[in-house]
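Just one chain is shown here, as structure tokens, and it is the form predicted on its own.
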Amino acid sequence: MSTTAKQPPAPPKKVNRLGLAQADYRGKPSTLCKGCGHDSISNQLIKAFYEYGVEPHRVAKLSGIGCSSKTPAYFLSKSHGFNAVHGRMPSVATGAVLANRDLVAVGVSGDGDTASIGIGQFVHLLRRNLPIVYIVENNGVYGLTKGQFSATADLGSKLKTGVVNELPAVDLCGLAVELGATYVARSFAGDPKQVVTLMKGAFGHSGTAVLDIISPCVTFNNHAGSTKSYTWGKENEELIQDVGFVPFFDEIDVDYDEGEAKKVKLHDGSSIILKKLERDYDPTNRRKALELLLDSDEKKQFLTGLIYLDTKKENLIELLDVVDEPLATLPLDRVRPPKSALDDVMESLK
């Protein structure tokens, strides 16, 4: 007589507050080089979206051209996506966000796509304070065209060929603070805990959130002499502060001694908790943020953490006084002027 052994019940599936598993936030398998920092950032985006509890269909992923701009295919396969022309992602993102203000816009760019061909579009995105999470996967080289220096390569850094960079770097965080972004952070792909926390804080912010993430290129820029390698990043990273995050849907009491931490409430009710280390620094002070960046550049320091935060400045949607309903959902009789109105315009031009 044969018997069938009773199988133990499967362990319960771990899900977030929306009932979704972390696998629901994944995308296609990566085609980037094994060990690429960009893949680490994609994995942290998956984790951050899962933990925060964002509905995938509400996310619009936008990118330009480059290794970094391929990465939106590797996370959130059930979201919207648009791969724009090289350096032109900000204008596409602006149109998408204005048409549907309910979208969670995430732009993924690179140092070439942002600081070289796309720098003109990037600066206007900053000054408009468009509600978008703008991630720069910064490796200091052009990975698709054999590893030449990009505009963010540090002065004095070396290529694998021994060529030394003689030009000063474009500081994307400095540009972001100076020109109007309201959430500015720098991190390192090899520090996943910090990256995830800063990402979740950016999701809760209503304005332009720029995350400049140093992301080593294992093929062209991960050697001795590079200031954007895994080794250099791990050996030279200096935290501005310990960053914690309390989502709006959690009732959590955060207990710190007076003077040790600063709690800043974000637009959606979430809170960023900034715990001081040795450095006495207030990221809500714009002048101090710029001084910090200039000082760290002069000292050749790699500072990571939340550099600047402004929760009071109006974003572009508020400045334009756009209606509460997404424009993409409005019926034609509300967005198209009647013939009589057009006739009046034509008559006034005679």
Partner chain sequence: MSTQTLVGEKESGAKPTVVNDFSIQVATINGSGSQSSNSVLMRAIFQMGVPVSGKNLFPSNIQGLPTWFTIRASKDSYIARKRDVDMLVAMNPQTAREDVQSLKPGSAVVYEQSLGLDNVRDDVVFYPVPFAELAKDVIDEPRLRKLLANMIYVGVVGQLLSIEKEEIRAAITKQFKAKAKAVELNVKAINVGFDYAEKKLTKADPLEIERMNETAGKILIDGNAAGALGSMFNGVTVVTWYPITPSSSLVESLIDYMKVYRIDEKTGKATFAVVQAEDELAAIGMVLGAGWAGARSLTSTSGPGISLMSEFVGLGYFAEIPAVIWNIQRVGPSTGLPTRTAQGDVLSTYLLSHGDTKHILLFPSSVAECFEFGGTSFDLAERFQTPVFVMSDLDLGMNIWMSDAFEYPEKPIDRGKVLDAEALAKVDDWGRYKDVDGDGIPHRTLPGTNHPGAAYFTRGSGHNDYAEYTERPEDYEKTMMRLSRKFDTARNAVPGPVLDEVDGAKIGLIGYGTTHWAIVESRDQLRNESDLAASYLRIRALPFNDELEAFVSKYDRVYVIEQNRDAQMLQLIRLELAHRPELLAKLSSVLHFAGHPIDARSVTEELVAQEYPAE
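Whichever C-alpha set is largest while still superposing within 1.5 Å between the two forms counts as the rigid core. None of the values given here were measured: they were computed from a predicted structure. Numbering follows the first chain given and starts at 1.
The discussion below concerns the form predicted in complex with its partner chain, not included here.
The stretch in contact with its partner chain in the model of the complex, judged by heavy atoms within 4.5 Å, is 124-132, chosen from 222-230, 157-165, 124-132, 239-247. Residue contact check for residue 47: none of its heavy atoms lie within 4.5 Å of its partner chain in the model of the complex. Contact check for residue 169: every heavy atom lies farther than 4.5 Å from its partner chain in the model of the complex. Contact annotation for residue 263: none of its heavy atoms lies within 4.5 Å of its partner chain in the model of the complex. Residue 85 belongs to the set of residues with a heavy atom inside 4.5 Å of its partner chain in the model of the complex.
Comment: its partner chain is not present in this chain, but in the model of the complex one of 79, 116, 206, 270 has a heavy atom within 4.5 Å of it, namely 79.
Proximity of 61, 103 and 342 to its partner chain in the model of the complex is complete: all three residues have a non-hydrogen atom within 4.5 angstroms.
If you take 330-345 and check each residue for a heavy atom within 4.5 Å of its partner chain in the model of the complex, you get 330, 332, 334, 335, 336, 337, 338, 339, 341, 342, 344, 345, in sequence order.
Comparing the forms between this form and the one not shown, the C-alpha position of residue 337 differs by 2 angstroms or more, with the core used for superposition.
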